[in-house]
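One chain is shown next in structure tokens, namely the form predicted on its own.
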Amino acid sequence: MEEILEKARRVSQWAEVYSVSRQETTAVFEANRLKQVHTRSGSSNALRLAKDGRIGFATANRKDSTQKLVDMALETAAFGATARFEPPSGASYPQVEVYDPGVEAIPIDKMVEIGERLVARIRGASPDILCEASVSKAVFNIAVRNSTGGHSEYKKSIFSFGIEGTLIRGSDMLFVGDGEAACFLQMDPEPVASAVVLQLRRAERLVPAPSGRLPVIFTPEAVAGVLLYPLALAFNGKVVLQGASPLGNKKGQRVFDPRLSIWDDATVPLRAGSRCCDDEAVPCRRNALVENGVVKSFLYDLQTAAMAGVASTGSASRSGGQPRPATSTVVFSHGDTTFEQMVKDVKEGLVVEQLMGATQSNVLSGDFSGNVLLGYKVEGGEIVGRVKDTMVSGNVYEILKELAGIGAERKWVGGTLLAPPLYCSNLAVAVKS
């Protein structure tokens, strides 16, 4: 990094190097059996610089020459965006625990054993089911250094496992699944297995679906699949600057249910989306997006923050390209209504676990419409069976403006979202005839 930075600073106004190395091992199960175990590793450097007031950017693996990387970045600067910022100088970073040596040390045979236990547990509840599962460990070394004195370096581990099951009976196909992901070693697959077994039990009976304007309960998995992406776009500072966010001009206004608060908090320990600093070496912090229903702030990286005339929120993220604002670890506030109480309150309606195709509607406006991949009919305050050929549609902002209930229990989904079930009193439900 020092060599790249030294060469780049000689020919630029400022320069920044982002370096990441990764090693990952995954045990893959297909058709109820171990298919393969594979390990892969890689490392790369990304150079960003300012030349004549414009941003140049290039990436290369560690084996490429440093001069080649500098030359590529300089070439792109002629066509780059105007640099509105300078990289941060030295900063103090919060202590955020994101590494567990146990993840790096777990042997492959123990990972395979976890996968086998998952498959056996699900097949014990449904012998005819076909399972696909994976157990994975990954370790990252991440460093950011710039020519103005900013420097951050940390190590991160992620351990994850998950299972999906398909049960085919004639023309009917049932899909179930669940998973866990965190920065610490989790040896017990029982919570995930129990969640899938519960899905199987609730789905044993196939029942006619209701239709019309009906109450719908979204489980935390459905909250992730239906609501998270539109909200992440709406609070993205770049989308706000483009004038495309429906919340862009509503800062300080109550848009959501007054019982609802949402944070983007990269400082939550041992979670897959957490870290001490963002990918521009800006310290991470807890950013309140919604507070008691009021829009509080948006997420910015250095460039978009400078364009908006605000400070970066420590939300820069990279996925093979230049930094951009993005969510990290999203946390919903909990309510005071249990899932069981929500179900008991419904005379006729649905519980939705998975909605397929929800993000293919007009996401920026908050509209969604999708087929229920896994959902249950509620009748007389009880879950009576699974529905199929059913579609649910609505608008994220209309739903969240006035909720019938917010769950008292919350669940981690994908290691990056902590959400309760949400009870919506009136959604459009259609059934294929």
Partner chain sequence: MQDRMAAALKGHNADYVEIRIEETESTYLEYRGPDLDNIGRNASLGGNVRALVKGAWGFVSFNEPGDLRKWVELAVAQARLAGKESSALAPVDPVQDIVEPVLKASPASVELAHKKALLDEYNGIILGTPGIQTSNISYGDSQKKVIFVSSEGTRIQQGKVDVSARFTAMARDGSDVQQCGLSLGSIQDFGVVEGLQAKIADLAKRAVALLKAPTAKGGEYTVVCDPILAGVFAHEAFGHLSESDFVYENDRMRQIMVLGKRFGQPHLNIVDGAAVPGLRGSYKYDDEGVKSTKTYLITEGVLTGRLHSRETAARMGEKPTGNARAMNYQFQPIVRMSNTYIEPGKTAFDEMISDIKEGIYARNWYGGTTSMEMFTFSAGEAYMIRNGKVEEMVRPIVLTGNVFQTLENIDAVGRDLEMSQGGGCGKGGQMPLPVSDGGPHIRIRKCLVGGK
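Residue numbers count along the first chain shown, from 1. It should be emphasised that the depicted structure is a prediction, and the values quoted were computed from it without experimental measurement.
One more form of this protein should be noted, the form predicted in complex with its partner chain, which is absent from this view; the next part is about it.
If you check A120, M187, I168, V310 against its partner chain in the predicted bound form, which one has a heavy atom within 4.5 Å?
Residue within 4.5 Å of the partner: I168.
Pick from R145, R275, K238, R318: which has a non-hydrogen atom within 4.5 Å of its partner chain in the predicted bound form?
Checked against the cut-off, the match is K238.
Based on heavy atom distances of 4.5 Å or less, which listed stretch (86-94, 70-78, 334-342, 292-300) is in contact with its partner chain in the predicted bound form?
Checking each option against the 4.5 Å cut-off leaves 70-78.
Is there a heavy atom of Q253 lying 4.5 Å or less from a heavy atom of its partner chain in the predicted bound form?
Result no; Q253 lies far from its partner chain in the predicted bound form.
Might V207 be said to contact its partner chain in the predicted bound form, defining contact as any heavy atom within 4.5 Å?
No, no contact at 4.5 Å.
Looking at the partner-bound form in the predicted bound form, is I406 within 4.5 Å of its partner chain by any heavy atom?
The answer is no: I406 has no heavy atom within 4.5 Å of its partner chain.
Is F175 part of the interface with its partner chain in the predicted bound form - any heavy atom within 4.5 Å?
The answer is yes: F175 has a heavy atom within 4.5 Å of its partner chain.
Taking its partner chain as it sits in the predicted bound form, which residues of 237-266 have a non-hydrogen atom within 4.5 Å of it? Please list them.
Sequence-ordered list: K238, V239, Q242, G243, A244, S245, P246, N249, K250.
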